[in-house]
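A lone chain, given as structure tokens: the form predicted on its own.
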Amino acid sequence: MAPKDTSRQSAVARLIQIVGAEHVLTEESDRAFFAHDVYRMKATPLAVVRTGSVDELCRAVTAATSEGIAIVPRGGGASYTDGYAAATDQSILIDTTRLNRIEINETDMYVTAECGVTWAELDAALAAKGLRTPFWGPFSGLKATIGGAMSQGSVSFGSGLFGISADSVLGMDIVLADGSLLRTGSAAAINGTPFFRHYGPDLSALFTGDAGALGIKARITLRLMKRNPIVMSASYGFADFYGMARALETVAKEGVNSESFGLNPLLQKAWLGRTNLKQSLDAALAVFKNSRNPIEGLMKLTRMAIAGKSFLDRAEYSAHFIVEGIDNAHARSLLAAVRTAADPHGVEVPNTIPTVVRGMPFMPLFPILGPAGERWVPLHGIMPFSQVDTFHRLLMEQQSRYADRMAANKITHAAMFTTISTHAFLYEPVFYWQDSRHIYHNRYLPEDFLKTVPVYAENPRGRELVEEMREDIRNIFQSIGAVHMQVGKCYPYMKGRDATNAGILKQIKQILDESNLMNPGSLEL
């Protein structure tokens, strides 16, 4: 039953009492922006609430759900899978970015961050102490939050050795549908602190990747390690996809690289070619500052200048590998193992791209528009190495079937690739199409950047075709047993799921959220 007008008014009034009127946004433009992700929006929520403490978060959830109003959590806003797109207008969107406190325990080697802390903020706080988390953020870490990465799942920095965001978790504080706070891990034991994850059944795992369907992350505790001071990298060019895929696979199995990523021709040119002078200078300054001494910094910048933007012109695909060592000898030995594994499959080229990536790991999110200002949306699937070639073949067949329609509707495609630890391959198809910008682009991206890219007319047919192809790709992923992070409301999580598994998940949802008010529609629950 939908909440009555009096219930909605009562809930908003209570929220204003809890957080203050300045932190309850009810203007239509604000509600539309916060409800719109990179790709699209669904319903417009009643209000956007910016809670400033865990206590306020608990009280805000209670104020809404007690009136029968749904809760939708939003982190940094970089989702493209409807993760925080409201399924009903009878909902309150919680903007978590004011929840930004960090507590570092150097003695017991863990850090507790509130859910709105960005990965860039966390890494800066830890770097000052010579520490880091094993997984230490996605490329979007300037905006992406710790809570969002736990709700949705995330890869990038550290994933080659330490897996995805959830693999670094020790415990969490979760706000449930009734406003109560659930602790997981060793902190839930009498006199416990959040120093260890496993003490009996692992309740933390229930909430990693749940897209907020089971509860809202309030605090997350991650384990710490010392930062390795020496970073080295190598880049390779390949004649085709299969050579690149074999290199990524064989290097991953060595268990030596902190990160690796591959790019198809369009994306590698975009990475090399879309930076303006200021961005190039910022990247060069970051590379210089992150060098161990001025001489090494000048040498890196010289190599980058010599390589320019043309060194991959003759390569169809590229792959980039980053290692970390406790000293030069250690790092060189790891890089030697990378080269031994990759050499049979490609040709080593100047390592400009990984040098810039590590020099300035959390870059501005300009790529949420395409290289020429097009709309952008990716998909991804994580698969075993044995299914990579099959998926690629099926995807290329799909691209061939759609080629004429794509051209007619001004759609192009690209792809990015990475490996996770020693056992998984992530394949990320990307679509670009000429279309008008929406409210998310216009408020999320800086005005001076938007002035540098073209503006296109509405292209509803292109939009429809992109969604048709995305659905087709989701089916291809499912046909080879791929899995997904950032499930949100996008991937067919319950479709074809083992009946016992599905039944238990539904029972858990019923126990924790009887009225289905926690981000309804997520995980297809």
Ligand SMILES: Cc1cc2nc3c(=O)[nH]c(=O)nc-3n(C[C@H](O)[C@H](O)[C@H](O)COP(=O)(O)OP(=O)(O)OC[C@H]3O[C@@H](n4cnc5c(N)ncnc54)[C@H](O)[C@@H]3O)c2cc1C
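Because the structure is predicted, anything quoted here is derived from the model rather than measured. Residue positions are given as counts along the sequence shown, with the first one as 1.
This protein has a second form, the form predicted together with the named molecule, left out of what is shown; the following refers to that one.
- In the model of the complex, Leu263 stays away from the named molecule, with no heavy atom inside 4.5 Å.
- Among residues of the shown chain, Pro194 is not one whose heavy atoms approach the named molecule to within 4.5 Å in the model of the complex.
- None of the heavy atoms of Thr65 is located within 4.5 Å of the named molecule in the model of the complex.
- Taking the partner from the other structure, the named molecule in the model of the complex has no heavy atom within 4.5 Å of any heavy atom of Trp136.
- In plain terms, the part of the chain that comes close to the named molecule in the model of the complex, with a heavy atom within 4.5 Å, is 478 to 486 out of 496 to 504, 464 to 472, 44 to 52, 478 to 486.
- For a residue to qualify, one of its non-hydrogen atoms must sit within 4.5 Å of the named molecule in the model of the complex; none of Ala234, Val251 and Thr419 qualifies.
- Checked against the named molecule in the model of the complex, the candidates Gly370, Gly381, Gly346, Gly83 yield a single residue with a heavy atom inside 4.5 Å, and that residue is Gly83.
- For the residues Tyr199, Phe449, Trp376, Phe385, the 4.5 Å heavy atom test against the named molecule in the model of the complex is passed only by Trp376.
- Of all the residues from 64 to 93, those having a non-hydrogen atom no more than 4.5 Å from the named molecule in the model of the complex are Pro73, Arg74, Gly75, Gly76, Gly77, Ala78, Ser79, Tyr80, Gly83, Tyr84.
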